[in-house]
Ligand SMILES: NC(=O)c1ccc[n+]([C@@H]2O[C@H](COP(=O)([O-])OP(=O)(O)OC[C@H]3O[C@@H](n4cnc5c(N)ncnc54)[C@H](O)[C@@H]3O)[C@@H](O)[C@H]2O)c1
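The form predicted alone is given below as one chain in structure tokens.
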Amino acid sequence: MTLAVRYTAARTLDTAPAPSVEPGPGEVELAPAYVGICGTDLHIFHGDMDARVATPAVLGHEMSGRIVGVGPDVEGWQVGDAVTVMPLRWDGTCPACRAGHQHVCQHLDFIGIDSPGAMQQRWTVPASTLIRLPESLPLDRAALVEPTAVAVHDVGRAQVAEGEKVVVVGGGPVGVLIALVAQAAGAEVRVVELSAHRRALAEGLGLTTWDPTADDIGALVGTWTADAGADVAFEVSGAAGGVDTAVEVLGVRGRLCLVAIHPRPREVNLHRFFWRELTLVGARLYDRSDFERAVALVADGTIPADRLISKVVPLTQAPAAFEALEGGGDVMKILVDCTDDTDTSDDTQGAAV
């Protein structure tokens, strides 16, 4: 038996034995090394997704690890290969799939939400979900490939071009990754973030930040763009005020890319959309090319993944890590070390960035 982190009810997680599942035809068995805790995992933890998540549910979809078993009919993979997983299973028959948009399949199985995820010591998945990792890439940094793929997809959906002015509203892990990917594409980027800790971290990565509690964001955008307004805004905060800011900073024919999950409807200044001919673009998940680009960006250091990792905790301390993230503070990304099941009581492992 191996251990798994399970969601059992709102604000309730446990670590419990889980049986290993031998890989069947077309499947591989993985030994996850590191699994990141993301905003979607926190939504599940809060009970916001109980209508979708069947309990007990093994969480986690931001991961890195190695293959420990290969099922029949699997080609190109062998035991010991370093991999991450694109956690999507689609039916291939719905209208979205037939139109070539499998990543938003109308019957999508998002692995780690709709089916068991990576926060366990052994995990069996379809070989079709595997993304190869270079051996030179440390596995802790590789756990940030999945959120980087989100950022790559978001920047692509917003059609960010070299020289454009981009405002990212929300400087959490995905917001910072979007800012770094957009900057790598040649855009000028500003990050709007409430947390002084997150602003300092972003600035340490070479990004310019604004504090919405102290700065007049409208005036700053006006000065920065000679009153033209930004070309693109990303709403990554998930807050009503973030939506307002993202809309207001845009210039004529600006594009608003909605990234954050908003659990309830928000008021939007539609007059601004009409007056400036704005465009709203939704961005959800990623495709294989986004993942492959993300691997390259993390591997070559364009994404300094190590500097985004705040803490690494053993598997048995994952429930406490969820509570730490929920409390906010000086935390960016927490990884769960699935190779370490040491009970360290109330102590988390690793130093804060």
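Numbers for residues come from their place in the sequence shown, where the first is 1. Treat the numbers as computed from the prediction; the structure is a model and nothing was measured.
What follows is about the form predicted in complex with this ligand, which we do not show.
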Exercise. Could you tell me if all three of 171, 198 and 285 have a heavy atom no more than 4.5 Å from this ligand in the predicted bound form?
Key: yes
Quiz prompt | Partner-contacting position among 236, 167, 119, 145 - heavy atom within 4.5 Å of this ligand in the predicted bound form | solution = 236
Self-check item: Sole residue of 268, 184, 280, 194 within 4.5 Å of this ligand in the predicted bound form, by heavy atom
Solution: 194
Exercise. Consider residue 302 of the chain shown here, and say whether it contacts this ligand in the predicted bound form, taking contact as heavy atoms within 4.5 Å.
Key: no
Quiz item: Heavy atom to heavy atom, is residue 205 within 4.5 Å of this ligand in the predicted bound form?
Solution: no
Quiz item: Taking heavy atoms only, is residue 39 within 4.5 angstroms of this ligand in the predicted bound form?
Solution: yes
Quiz item: Can residue 259 be called a contact residue for this ligand in the predicted bound form at 4.5 Å between heavy atoms?
Solution: yes
Quiz item: Based on heavy atom distances of at most 4.5 Å to this ligand in the predicted bound form, which listed stretch, 158-166, 270-278, 240-248, 126-134, is the contact stretch?
Solution: 240-248
Quiz item: Which residues in 133-161 have a heavy atom within 4.5 Å of this ligand in the predicted bound form?
Solution: 150
